[in-house]
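Only one chain is given next, in structure tokens, and it is the form predicted alone.
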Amino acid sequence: MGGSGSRLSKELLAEYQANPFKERICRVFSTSPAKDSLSFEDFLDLLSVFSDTATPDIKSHYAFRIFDFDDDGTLNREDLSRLVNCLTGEGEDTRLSASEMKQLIDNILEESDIDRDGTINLSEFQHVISRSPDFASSFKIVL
């Protein structure tokens, strides 16, 4: 039994290490004062949210928190820029130009910012996610 648990841990750690949002995931799920480590209970919470059995509402709530880099309760232009950079990579060959980034963020806000305040709140984010049937199945840790 110890061997399979060890393999599971290595696979999970590899999946976590490859995740471009690993620092944000730790920050969101951590209950430590510094938000830089996970207790066993924090780890179980993380696994629960990323499991196949978590509801789309739970998954979208935590995705929103992970993408809200400044923890202000909204996704603003800076959050969206950081989100795009995490997804595309920040290397010279993958980074978007300033004009491409502006156009992409303008498009995201045009589609998502229902109240036109220049940010995406949790309700707006969940509305967009509800139109994405693949979200719940893709927001998981694959072992």
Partner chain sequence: MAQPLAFILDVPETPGDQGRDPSPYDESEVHDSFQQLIQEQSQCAAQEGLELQQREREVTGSSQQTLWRPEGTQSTATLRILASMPSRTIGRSRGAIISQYYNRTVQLRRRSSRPLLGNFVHSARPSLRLYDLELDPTAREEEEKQSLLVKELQSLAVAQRDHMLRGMPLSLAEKRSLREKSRTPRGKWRGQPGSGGVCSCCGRLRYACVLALHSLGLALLSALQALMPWRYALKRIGGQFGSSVLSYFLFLKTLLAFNALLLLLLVAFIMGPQVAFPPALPGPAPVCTGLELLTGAGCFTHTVMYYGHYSNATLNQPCGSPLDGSQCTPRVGGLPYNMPLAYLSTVGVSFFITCITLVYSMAHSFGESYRVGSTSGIHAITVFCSWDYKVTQKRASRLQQDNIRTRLKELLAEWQLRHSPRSVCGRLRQAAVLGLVWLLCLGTALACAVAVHVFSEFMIQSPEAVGQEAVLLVLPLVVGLLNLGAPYLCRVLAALEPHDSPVLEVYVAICRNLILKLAILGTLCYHWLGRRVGVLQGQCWEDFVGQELYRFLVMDFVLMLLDTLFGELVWRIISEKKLKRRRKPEFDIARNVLELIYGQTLTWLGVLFSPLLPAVQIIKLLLVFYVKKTSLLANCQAPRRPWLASHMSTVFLTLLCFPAFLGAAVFLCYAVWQVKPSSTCGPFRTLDTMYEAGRVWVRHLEAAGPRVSWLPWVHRYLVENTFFVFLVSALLLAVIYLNIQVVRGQRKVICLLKEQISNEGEDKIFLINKLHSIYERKEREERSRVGTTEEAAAPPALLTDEQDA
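Owing to the predicted nature of the structure, the values given are computational and were not obtained by experimental measurement. Numbering follows the first chain given and starts at 1.
Here the subject shifts to the form predicted together with the partner chain, a form of this protein not shown in this document.
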Practice problem: Look up in the predicted complex whether residue 62 has a non-hydrogen atom within 4.5 angstroms of the partner chain, and give yes or no. | Solution: yes
Quiz item: Can residue 78 be called a contact residue for the partner chain in the predicted complex at 4.5 Å between heavy atoms?
Solution: no
Exercise. Tell me, yes or no, whether residue 104 is in contact with the partner chain in the predicted complex, where a contact means a heavy atom of each within 4.5 Å.
Key: yes
Exercise. Indicate whether residue 44 is a 4.5 Å heavy atom neighbour of the partner chain in the predicted complex.
Key: yes
Self-check item: Contact set, 78-100 vs the partner chain in the predicted complex - heavy atom within 4.5 angstroms
Solution: 80, 83, 84, 86, 87, 88, 89, 94, 96, 100
